[in-house]
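Next up: just one chain, as structure tokens, the form predicted on its own.
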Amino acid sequence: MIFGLMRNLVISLLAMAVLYVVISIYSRSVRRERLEKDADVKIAEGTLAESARDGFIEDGMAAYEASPRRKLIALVFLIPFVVIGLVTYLTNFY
């Protein structure tokens, strides 16, 4: 019984790790695209020099790395374990 639980736990952790990586990469690419579009708009308006475009994007990505949104993606690991624990508790002890 304990080996089955451990096997399921390891498989779940691997699946959640893959999901975390995919969501993380997707979120970063969406943010970068938005920054690129914002930079292009600012260049067209004349409020940003074309030579400063890369710096604008890198500064925006650095701000994204420090943002809470990036950290919220880590809930991919926490939420399934909380739900499984709650269902197990309610099934066995309630």
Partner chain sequence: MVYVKWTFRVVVLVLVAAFLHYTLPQRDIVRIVGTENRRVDFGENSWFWAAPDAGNATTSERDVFIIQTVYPNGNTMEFRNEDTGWGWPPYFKLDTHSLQTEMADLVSTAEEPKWVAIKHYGWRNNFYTIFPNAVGVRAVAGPDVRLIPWTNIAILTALAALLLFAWRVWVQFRERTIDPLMDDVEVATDEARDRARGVWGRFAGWLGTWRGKPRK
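Residue numbers count along the first chain shown, from 1. Here the structure is a predicted model, which is why all the values come from computation and not from measurement.
The same protein has a further form, the form predicted in complex with its partner chain, not shown here; the description that follows concerns it.
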So which of 44, 63, 49, 30 reaches within 4.5 angstroms of its partner chain in the predicted complex, heavy atom to heavy atom? 30
Answer for residue 22 alone: is it within 4.5 Å of its partner chain in the predicted complex, judged on heavy atom distances? yes
May I ask you to state whether residue 13 is within 4.5 Å of its partner chain in the predicted complex, using heavy atom distances? no
Determine whether any heavy atom of residue 38 comes within 4.5 Å of a heavy atom of its partner chain in the predicted complex, and answer yes or no. no
Residue by residue through 64-94, tell me which have a non-hydrogen atom within 4.5 angstroms of its partner chain in the predicted complex. 84, 87, 88, 91, 92
